[in-house]
Ligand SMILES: O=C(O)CCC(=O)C(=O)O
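Only one chain is given next, in structure tokens, and it is the form predicted alone.
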Amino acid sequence: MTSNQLSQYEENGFTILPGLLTHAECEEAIGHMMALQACEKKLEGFGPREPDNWGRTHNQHLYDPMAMKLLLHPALREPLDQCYGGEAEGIQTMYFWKGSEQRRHQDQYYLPGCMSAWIALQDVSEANGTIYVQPGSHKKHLLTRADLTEKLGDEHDVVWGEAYNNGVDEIFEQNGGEEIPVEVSKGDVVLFHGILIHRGGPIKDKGSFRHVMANHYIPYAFDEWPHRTWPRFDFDGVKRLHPKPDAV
């Protein structure tokens, strides 16, 4: 990253890295995913979505070399290391064929310590359902499960459901900052902080695709990672499991 891009990330909680992937790489990934959905390709671990239901995949890198290739793309290594001030490890992938229209949230609620590399495999704008972010919100409060249980009680469907999104909306209003759409071109990568408040915007061009791979990373030295059964991958492709708390 340039010093300006790093400053943008530190100040706003996100920055855009133009043209990090080639158009050929983007087209290869899209073609692969469309072929899987159409059952033109078979891949153990992948189940085609129902017609007109293009729900995202989760942790596709665990069974798909293409997704692993995007998670550990060499061009991402140095920018992620710059953001963290040290080595990053990949821990999650999500593939979106279409926009999510998801309510406001903060990734570190689900994935403590994380940041995201949001890879646009095609041009993304308000028309096909881009993400909206609140710049600077990464410097403000991270809503936690403890916040919600203190207020609402320890009920799983409350803590993880609508009450959570309402809580993030409250923090959004308290922050008082604007919310802006992120519009990018094919091959661009958006890096954003795991506390940054963001949401999936409305799909104005109904039926349009919005091919995106959203990757998540944590620092190699991060010891508070709660998902102990999730493998962590460094950019040399080395896989490890986080040690158990009682490990020597």
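Start at 1 with the first residue shown and count on from there. Just so it is clear, the model here is predicted, and its values are computed rather than measured.
Absent from the display: the form predicted together with the named molecule. The rest refers to it.
* Asked: Each of Ser100, Gly200 and Arg210 near the named molecule in the predicted bound form, meaning some heavy atom within 4.5 Å?
  -> Verified in the predicted bound form; spot residues all in contact, yes.
* Asked: Using a 4.5 Å cut on heavy atoms, which of Phe172, Tyr109, Phe96, Tyr84 is close to the named molecule in the predicted bound form?
  -> So the residue touching the named molecule in the predicted bound form, by this definition, is Phe96.
* Which one of Ala29, Ala214, Ile195, Val184 is close to the named molecule in the predicted bound form, taking close to mean a heavy atom within 4.5 Å? -> The residue from Ala29, Ala214, Ile195, Val184 that makes the contact is Ala214.
* If contact means any heavy atom within 4.5 Å, which of 88-96, 72-80, 140-148, 162-170 contacts the named molecule in the predicted bound form? -> So the stretch in question is 88-96.
* Asked: If you check in the predicted bound form, is Ile131 within 4.5 Å of the named molecule, heavy atoms only?
  -> It does: once the named molecule is placed as it appears in the predicted bound form, Ile131 has a heavy atom within 4.5 Å of it.
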